[in-house]
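Structure 1 and structure 2 below are the same protein chain in two forms, each given by itself as C-alpha cells.
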Structure 1
Amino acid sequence: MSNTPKIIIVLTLITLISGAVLALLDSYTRPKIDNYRKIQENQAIAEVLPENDRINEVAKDGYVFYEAYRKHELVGVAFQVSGGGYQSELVLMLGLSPDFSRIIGLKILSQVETPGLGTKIEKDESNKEDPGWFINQFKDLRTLPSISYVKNASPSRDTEIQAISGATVSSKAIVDILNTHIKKAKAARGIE
C-alpha cells in the first residue's frame, strides 16, 4: 500500500491546524495593532497641527482631513500621505496651513529605509545636536510653486530643503510624495 494517502491526510491536518491557529492569533492581535496605530496617528496629528480647541475629521476624495480650529477659526489641516521610498513605503502625517501654502509640521509614521542611510530621514544619529534635522527642515516650508531639494548645499529658497548625503533617493521620495499629495489634496478641498 502506498504512503501517499497518509501523507496527504497528515499535510492537510497540519495545514488546517496551522490556519486555525493563525486565524485565532490574528483575531486576538488585530484589535491591539489597530488601537496602537490609532494612538500613533492621534499623536502625529497633535504634533503636526498648531494648538487648537478642537479637531474635526472630514473625508473627501480619498483623503481624511483633520481640521484644527482655534475658537471658530480654521488654523491648520492635517492628513496622511504615502508613497514609495528607496526600499519601502513611506507613510507621513502632514500638517498644512488652511490655504496649503505652508507646512506646519511633518511626522514620519512608517518607513523601512536602508539602516544608517535612508533611516536618517527620521533620525540622524550622526548629528548629535539635532538628530531630527531633516524632518525639522519642513517646518514653515513654503509649498508654492513646489517643494524642491538641494544636494550638499544649504537651501537658498523658502521652498527648498537639503537632501541627506548618501540618502538622496529617500530625501527626493519625501519631496515627491509631498508635492503630489499637496496638489491632489488641494484639488479635493477645492483650493486653487
Structure 2
Amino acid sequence: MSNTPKIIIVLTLITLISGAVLALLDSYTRPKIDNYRKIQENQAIAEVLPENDRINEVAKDGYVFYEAYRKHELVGVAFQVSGGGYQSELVLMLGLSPDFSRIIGLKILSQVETPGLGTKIEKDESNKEDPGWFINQFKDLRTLPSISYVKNASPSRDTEIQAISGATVSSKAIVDILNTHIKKAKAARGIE
C-alpha cells in the first residue's frame, strides 16, 4: 500500500498554510522594520553630516555616497566603511567635507571588540565626563596627508588622534580603515 498521495497532500497543505501565514506576517511587520532601519540610517547620516536640506544617494564603485546639500550647495558626503578590528568587523559611518580633506563626523555602526577595552572606541565608561571622547576626536580632523595616532600623549598635529591605552589595536584599526577608504573613495569620486 502506498500512502504517497497522503504525504504529498499533507506536506503541501502544511507548506501552503505556513506560506500564507508568513506572507500575512511580512506585510504586517515589514513596514515597521524598514521604518526602524531607515530611522537608524538617517540618524547615523545626520550625525556625521552638517545641517542640510536634502540628501542625495549616489552609488559608485561599491560605495553608496550620501551627498548633503544646503541650498543646492554640496556641504558634505557620508558613506559607510568597514574593516577588520581587533576581533570583529568594524562598520563605520563616515562624514567628510566635499573635498574629503576634513572629517565632519564619525559614527560606529557596529563593533564587537573586547568588552571594556576595544569597546572604548564607542563608549569609554571609565571616562565619566565624556564617554565618547575617542570617537569625538575625529570631529574636524584633517585627513591630509594621512591620519595618524599617538600613544599616551595629547595629539600635537591636526591629523593626529590619541589612541586608547591598552586598545591600541582597535584604535589603529579605525585609523587604518579611514586612511584606506578615504583614499579609495576619493578615487571613486574623482577628487585629486
Partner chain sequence: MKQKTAIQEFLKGLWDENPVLVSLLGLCPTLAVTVSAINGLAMGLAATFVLLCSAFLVSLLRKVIPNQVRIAAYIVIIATFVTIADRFLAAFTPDISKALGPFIPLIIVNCIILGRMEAFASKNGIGRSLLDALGMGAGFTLTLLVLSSIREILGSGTWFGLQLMWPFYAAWKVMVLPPGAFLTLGCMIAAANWINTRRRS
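Under this definition, the rigid core comprises the largest set of C-alpha atoms superposing within 1.5 Å between the forms. Predicted model only: the values in this text are computed from it and were never measured. Here, residue number means position along structure 1's sequence, counting from 1.
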*Given that just one of these two is the form predicted together with the partner chain, which number is it?*
2
*Which listed residue lies at the hinge, Q87, T143, F138, E41, rigid motion between the two structures*: E41
*Please state how many degrees the smaller rigid part turns against the larger between the two structures.*
27
*Provide the displacement, in Å, of the CA of R37 between the two structures, taking the core as the superposition reference.*
3.9
*asked:* After superposing on the rigid core, what is the C-alpha displacement of T15 between the two structures, in Å?
replied: 15.8
